[in-house]
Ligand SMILES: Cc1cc2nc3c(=O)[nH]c(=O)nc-3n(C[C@H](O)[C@H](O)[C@H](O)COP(=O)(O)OP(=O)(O)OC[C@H]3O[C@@H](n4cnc5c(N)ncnc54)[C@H](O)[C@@H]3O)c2cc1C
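Okay, so here's just one chain, in structure tokens, the form predicted alone.
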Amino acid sequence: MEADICIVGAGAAGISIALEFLNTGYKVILLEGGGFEYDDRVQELYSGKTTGQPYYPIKSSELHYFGGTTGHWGGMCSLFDPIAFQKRDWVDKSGWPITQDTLIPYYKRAHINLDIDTYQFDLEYWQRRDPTLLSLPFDDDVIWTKIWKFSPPTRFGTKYKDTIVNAKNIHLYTYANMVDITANETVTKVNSVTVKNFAGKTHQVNARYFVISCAGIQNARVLLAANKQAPKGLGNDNDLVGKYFMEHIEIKSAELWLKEKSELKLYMFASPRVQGELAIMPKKQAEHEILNGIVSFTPLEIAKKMPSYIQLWSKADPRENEKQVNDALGKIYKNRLARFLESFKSEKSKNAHQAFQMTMRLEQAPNPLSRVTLSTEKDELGVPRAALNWSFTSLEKKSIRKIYEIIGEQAGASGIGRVRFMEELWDEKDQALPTTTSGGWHHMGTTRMNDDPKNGVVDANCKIHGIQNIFIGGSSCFPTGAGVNPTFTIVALSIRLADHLKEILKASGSSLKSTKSV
């Protein structure tokens, strides 16, 4: 099979790139390892081992069918702040080769893909529309309220299935698992990828350009496994593929006790359009040399009944985990997850509360010990499985404690109440995170972006250093993770990559002018 572009992986990144080539005249082959529905035999290909900080089973943290992990995405969308892209002296290996301004035009296009009703992330805009969305009375030079928007959430596998299947120039192959990548003799250009299914059928796909978009753990895995011509793995001359695995640390470790009861409407799910969370101003992050963390609130009497996600999402089968989560929420709200979200919009949610659980979503410092490697065990198709070691630096615990301290100082100075630390934060010398620390299923950093090949796997255009025609799609390219869910930025970065591919295809001349019968 031959194409102008071969995209491996049909999740948020792969589908977003393919959509940008719709009706362009270029032939695109889109390879998806699964089908259109969940298949446990296919999902088993993602099984792997974890060490270090307790983590979710790898098999259940990335979905392996058309639409990918958008199948259990929660829909939260917000911008990566300017500081996320900047080099910070106190955060080793921080800094992107692009800025927030680079991505803003693509965020504005991505919000349409994700069915976000309005591209507005400005607090004042929403407060003008709804004056009851009151922010906490804190010093604006210290703390600000970050705005989130919500996708329905868009399930890419449902919304874009017919568009992709019926496209004349996009050829979708399901149950096509990539098992090898073949380059030229000098490993400076990829010639083909090999795909295989459970029936034993093997096909070779030749293309002018390739995009690997198999999600954060699997992107590293497939590059490391492509080691017949490059013994360390493709693109791994500097031992960076798989290193710097990052997650968003999600930890419930403090409470806000108010002098007077409040709804905290802005910070709840009271509005179907927006939600606010507390963030620390960049100048204060620099002053205290801390990571970027964002804090949300849940009424304490509700939060105390809900176990952490690391406790609930413990099975290898993601369907069983979803049932466990829904059952836990059902015991609290007497219904399933949809009812849980809906309850915040009901009349009951307007009751004021005295105390709130504070949950922090913290970016993880890039750490070479936090990494994906290959296991000695192979999957059913003969590809070595992934092994994940999730590991932290001392900066994470320091940042968690300091962010809560800053919020506590502001709560006291404003006279609204006090912040109470959980016991795990009492000892300032203790750098360990509790076993109840959860992640957001946000896999980042394993093919990090940097203009210097000694510090990154891909360049600013997501091309693998030293290989002229292979690119990486998705959050594995993120050098740092901000404190923000990655899907919105994944789609924005994917649209930008698609534009870049169009430019180089146009410059290189003719296309295969593919058509297909529908």
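A residue's number is simply how far along the shown sequence it sits, counting from 1. Every value quoted in this text rests on a predicted model; they were computed, and no experiment measured them.
In what follows, reference is made to the form predicted in complex with the named molecule, a form of this protein that is not presented.
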Next on the checklist: Using a 4.5 Å heavy atom cut-off, which residue among 403, 214, 211, 241 comes into contact with the named molecule in the model of the complex?
Outcome noted: 214
Checklist outcome for this item: Checking 91, 329, 176, 278 against the named molecule in the model of the complex, the residue with a non-hydrogen atom inside 4.5 angstroms turns out to be 176
Next on the checklist: At 4.5 Å between heavy atoms, only one of the stretches 437 to 445, 260 to 268, 299 to 307, 92 to 100 reaches the named molecule in the model of the complex; which one is it?
Outcome noted: 437 to 445
Checklist entry - If you check in the model of the complex, is residue 313 within 4.5 Å of the named molecule, heavy atoms only? => result yes
Checklist entry - Should residue 63 be counted as a contact of the named molecule in the model of the complex, where contact means heavy atoms within 4.5 Å? => result yes
Checklist entry - Hey, in the model of the complex, does residue 107 get a heavy atom within 4.5 angstroms of the named molecule? => result no
Checklist entry - With the cut-off set at 4.5 Å between non-hydrogen atoms, does residue 31 touch the named molecule in the model of the complex? => result yes
Checklist entry - For 375 to 413: residues with a non-hydrogen atom within 4.5 angstroms of the named molecule in the model of the complex? => result none
